[in-house]
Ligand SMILES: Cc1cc2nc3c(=O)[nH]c(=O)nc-3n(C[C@H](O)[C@H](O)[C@H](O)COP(=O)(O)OP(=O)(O)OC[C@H]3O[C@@H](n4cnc5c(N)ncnc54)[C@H](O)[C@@H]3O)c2cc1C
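In the form predicted alone, a lone chain appears below as structure tokens.
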């Protein structure tokens, strides 16, 4: 009889490894399989902010018109590359249907559950497991140069306060005086005191370390080819041979839709799209912001750690196009030059792009895989994978164990999208 693993997690990104750790803490045996290398997806180059403040979804009132106007600007913060792609346009149709106040608020409330749980759980994990990932409970600032943008940016604050987010609104002159890294002329800022920051690539590496130390195994360069049910669980077909397991968790991030047929979930290919993000990492300049900033006029994030300085963000829907677009990288630096005394570091370490797993309602897809008894999904985290990782891991562990989860799981149920 073939050896049977307890749980196999598909995907060694931040969500897959956090899920593996939560399952190990729950007393389960875990094997992780990864098609590429540990942390080779969007976990590597994002800005590493842990942000309960980012609960409002991308699918917001007015977003469709904004996106259409930006289609003529390849350097726009939100860019849809014009092309014939039936899946993209069907996804956009579903996304557009969510761009109303009722659905926007429902998605924000769902995301807030996971963001708030993860923020507290992550701090506990860092302390208990000694995760050396340059974590700081720094807070985060939204910074506005245009007065009209500052006024619009306050439209979400009543809902965020209701969701437990600590908010301070700071006028421009006061902010210029307290943040020495910004150029004079700030229209205003919004501070979210409960947010935090870490170095995401090091967080992923540390999760992998702890998973292995606790008895889990990680098989790199082992893609999933087919998921099948058998009498006692599942069989995962891979190029290195089949794996038999009691349970499987698909945490493949932006590549999840490419597995839709392999896992008998054709609906998944229409429910998700890869959203391409960019970042540039530098040696730290001599004057860096006191906490992470989002330059809201340009939707550019600025983060710094003792080990580096990063400009990042943007959202581009261009499929799995691997090209680094110079004009989009230049837009990051242009926004920083308009806002910071020292907008870049003395040496570029890396220019990067990667794909976020964007669900059509901008809410993660977590729960039992429809039509399977022993398989689960943990994907669709959009731009929030790092900030939602710990809570997602615990939610999956609770669901697999068949116990009441720490939060309401209904908003994340994959069945809503089938």
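Numbering follows the first chain given and starts at 1. Since the structure is predicted, the reported quantities are computational estimates derived from the model, not experimental observations.
This protein has a second form, the form predicted in complex with the ligand, left out of what is shown; the following refers to that one.
- Although the partner is absent from the chain shown here, none of 59, 107 and 317 has a heavy atom within 4.5 Å of the ligand in the model of the complex.
- Taking non-hydrogen atoms only, residue 362 never approaches the ligand to within 4.5 angstroms in the model of the complex.
- Under a 4.5 angstroms non-hydrogen atom cutoff, the ligand in the model of the complex lacks residue 64 among its neighbouring residues.
- Although the partner is absent here, residue 46 is a contact residue: one of its heavy atoms lies within 4.5 angstroms of the ligand in the model of the complex.
- Although the partner is absent here, residue 207 lies well away from the ligand in the model of the complex, with no heavy atom inside 4.5 Å.
- None of 79, 95, 192, 255 but one reaches within 4.5 angstroms of the ligand in the model of the complex through a heavy atom, and that residue is 255.
- Of the stretches 320-328, 277-285, 240-248, 98-106, only 277-285 has residues with a heavy atom within 4.5 Å of the ligand in the model of the complex.
- Interface residues of 16-46, taken as those with a heavy atom within 4.5 Å of the ligand in the model of the complex (partner not displayed): 16, 33, 34, 35, 36, 37, 40, 41, 42, 43, 46, in sequence order.
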